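Okay, here we've got a single chain as structure tokens, the form predicted alone, with questions on binding and movement later.
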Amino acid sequence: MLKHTIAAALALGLSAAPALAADPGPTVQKIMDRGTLLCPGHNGSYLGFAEVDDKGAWSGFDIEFCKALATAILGSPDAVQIIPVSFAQRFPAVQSGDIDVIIKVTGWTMSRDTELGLQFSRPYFIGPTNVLVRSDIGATSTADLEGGVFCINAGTSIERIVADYMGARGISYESLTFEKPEELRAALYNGRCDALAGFGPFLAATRFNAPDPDAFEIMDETLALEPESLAARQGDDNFIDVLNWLTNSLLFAEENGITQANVDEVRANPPSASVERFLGVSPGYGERLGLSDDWAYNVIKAVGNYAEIYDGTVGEGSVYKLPRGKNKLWSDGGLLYTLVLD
């Protein structure tokens, strides 16, 4: 009888054994021992993603993910220390242990994956590369920028994307590179370049903050789509599991209508066994990651679901009012989807 029961369970893809509590792994254990997550900010502000005000308070899409990760591991969104680093500094910073994780609109590329000793999570943001141009030059496509000057953020994948795109079309151009976004924007505003190539949300923020926003426009041409992922030092598989299931939890909550406002109500009356396990009412969602079983509940309670984070930092609830675009759930026409919670 027992043999038949086990065989039936295996045939259904179910495990006959109870889940075992996982070793949290060296990175999570180090964060737990320290009591603080070390997360990257920016050397200045990266509008919409990592902004710092005159009192030193950080906000933005990536900062909310840092708070979500701190809540998942330590139970509090306040258990995070934001470390200002440039784009060029982010990789040595995580390798040296100055930060625990890279949450900094970082494209998952082959060279970074294979040559830098890093591991990447599933994409948490689908980043388009667009071109912001001065309206007075009358350019409607990159073909109109022949011989023009591009401003580009140094140390990012944008340099390669522009070179590949323009080279493939035989369009010559000059480039000016800058370490800080503030310098990059000032160069565009002051007319040192004709166009600014970059991450779509960054371009929208740049236009929004221009002295005369109507003097600039984003061309209706996408140079590339780039998966932006969380990244960590290679060799700690459990930490990558935590990063993957953190992103998945934010999407799962959105897909199931679980918000910061109603999470307690849903937890009191979970509509399915999956939601029951997800919110820690029944065991299993945390023990396999070395976390508490209610870690996802704590995250949603602290920062909301994916849509709430997006809308509040770069979307309709923010000053930037960026459409979700490809960052919608697949069921709404986007590219994001939840992993299977079994």
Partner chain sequence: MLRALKNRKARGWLLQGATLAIAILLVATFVLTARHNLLSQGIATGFGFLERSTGWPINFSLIDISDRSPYWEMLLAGFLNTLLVGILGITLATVIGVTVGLARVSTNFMLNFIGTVFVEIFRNVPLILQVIFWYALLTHLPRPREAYDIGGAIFLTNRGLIVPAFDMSSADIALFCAGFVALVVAGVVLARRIGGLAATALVIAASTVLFLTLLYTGRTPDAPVFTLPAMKGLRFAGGFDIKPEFFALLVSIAIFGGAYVGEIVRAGFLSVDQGRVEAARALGLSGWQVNRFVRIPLAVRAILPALSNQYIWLMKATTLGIAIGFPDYFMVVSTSINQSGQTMELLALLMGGFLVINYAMGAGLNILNGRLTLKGRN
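Residue numbers count along the first chain shown, from 1. Predicted, not measured: the structure shown is a model, and the values here were computed from it.
The same protein has a further form, the form predicted in complex with its partner chain, not shown here; the description that follows concerns it.
Chemist: Which single stretch, out of 178 to 186, 123 to 131, 241 to 249, 74 to 82, brings residue heavy atoms within 4.5 Å of its partner chain in the predicted complex?
Modeler: Going through the listed ranges, the match is 178 to 186.
Chemist: Using the partner position in the predicted complex, report whether Asn190 sits within 4.5 Å of its partner chain, counting heavy atoms only.
Modeler: Taking the distances in the predicted complex, the answer for Asn190 is yes, it comes within 4.5 Å of its partner chain.
Chemist: Test of understanding: in the predicted complex, would Asp212 fall inside 4.5 Å of its partner chain by heavy atoms?
Modeler: No - in the predicted complex, heavy atoms of Asp212 and its partner chain never come within 4.5 Å of each other.
Chemist: Considering only heavy atoms, tell me if Val263 and its partner chain come within 4.5 Å of each other in the predicted complex.
Modeler: Because no heavy atom of Val263 falls inside 4.5 Å of its partner chain in the predicted complex, the answer is no.
Chemist: Flag Arg160 as yes or no: does it have a non-hydrogen atom within 4.5 angstroms of any non-hydrogen atom of its partner chain in the predicted complex?
Modeler: Looking in the predicted complex, residue contacts with its partner chain include Arg160, since a heavy atom lies within 4.5 Å.
Chemist: Check each of Ser272, Gln95, Thr140, Thr222 and return the one that places a heavy atom within 4.5 angstroms of its partner chain in the predicted complex.
Modeler: Result of the distance check: Gln95.
Chemist: Under the 4.5 Å heavy atom criterion, name the residues of 106 to 142 that approach its partner chain in the predicted complex, in sequence order.
Modeler: In sequence order, Ser111, Thr114, Glu115, Leu116, Gly117, Arg134, Asp136, Ile137 come within 4.5 Å of the partner.
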